[in-house]
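There is one chain below, alone, in structure tokens, taken in the form predicted on its own.
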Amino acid sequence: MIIAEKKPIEEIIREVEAYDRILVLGCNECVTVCEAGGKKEVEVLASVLRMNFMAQDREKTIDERTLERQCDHEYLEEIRDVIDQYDAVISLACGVGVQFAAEKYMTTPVLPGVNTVCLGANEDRGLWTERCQACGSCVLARTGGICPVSRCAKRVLNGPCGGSTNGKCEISKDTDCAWQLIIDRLKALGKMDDYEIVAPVKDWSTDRAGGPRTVTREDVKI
């Protein structure tokens, strides 16, 4: 899922203080799971903003709404009838949702309320870790299901690099060496022969290096 974290409240207040009618817009998908932008976070942020402006004796309208998704035309249409009632929207969706809302409602400022961090997994309550960089050319079949692109600091495809110690990456003693994880996993699978195969030069044109990407499925297009 997409992992995001809340922006500092000072930054949000600074961005919206020029507006009198503000809609705090949450999303029920990834940002709800990572507790950055769901209904609960919308309620908390709206309350904090109201208290902040009340303390300054400034009259503002702060409304709340949470959509099923902000990365989908269908759900963003749900605010079309009310969008003109607001001077600005604080979107607690990931960067995709913020942009999609901004594109749909061209004359209303849509401001981000979270920082989008990565594609990751929920390891424990309050702990999310990166697992994928959406490179567009998955190598997990030959690396035991451990991604060297997202989990190796150097994105080494034929590792390890030689900088790791006791299974930890040289960047931090708290960071596992991705290639140690790969070797451990290949051993567990009885597929160490795969480790001996030199990976070819990766085609990074499927990554961001090739510019903004589009996926088209003719079989599902209407």
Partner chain sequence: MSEYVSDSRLERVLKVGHLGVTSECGPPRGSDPEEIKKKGMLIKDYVDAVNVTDNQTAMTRMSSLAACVHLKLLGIEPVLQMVTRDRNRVALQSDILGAASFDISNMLCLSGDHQSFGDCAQGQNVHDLDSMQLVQTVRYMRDEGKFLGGDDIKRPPRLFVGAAANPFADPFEIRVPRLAKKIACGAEFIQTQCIYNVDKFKEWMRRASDRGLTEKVFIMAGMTPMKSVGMAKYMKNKVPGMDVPDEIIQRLAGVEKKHQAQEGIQICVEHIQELKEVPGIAGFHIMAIEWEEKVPEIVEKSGLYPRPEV
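All of these numbers come straight from a predicted model, not from anything done at the bench. Positions refer to the first chain, counted from 1.
The same protein also exists as the form predicted together with its partner chain; that form is not shown, yet it is the one meant from here on.
- Using a 4.5 Å heavy atom cutoff, none of C118, A121 and C135 lies near its partner chain in the predicted complex.
- Think of it this way: in the predicted complex, its partner chain has a heavy atom of just one of Q180, N28, S47, T61 within 4.5 Å, and the residue is Q180.
- Taking the partner from elsewhere, I13 is found to have every heavy atom lying beyond 4.5 Å of its partner chain in the predicted complex.
- A residue is said to contact a partner when one of its heavy atoms sits within 4.5 Å of a partner heavy atom; A199 meets this definition for its partner chain in the predicted complex.
- In the predicted complex, its partner chain stays beyond 4.5 Å of every heavy atom belonging to M54.
- Within 4.5 Å of any heavy atom of its partner chain in the predicted complex lies no heavy atom of L189.
- Only one of 107-115, 88-96, 69-77, 146-154 lies within 4.5 Å of its partner chain in the predicted complex by heavy atoms, and it is 146-154.
- In sequence order, A153, K154, R155, V156, L157, N158, G159, P160, C161, G162, G163, S164, T165, N166, G167 are the residues of 148-167 having a heavy atom within 4.5 Å of its partner chain in the predicted complex; the partner itself is omitted from this view.
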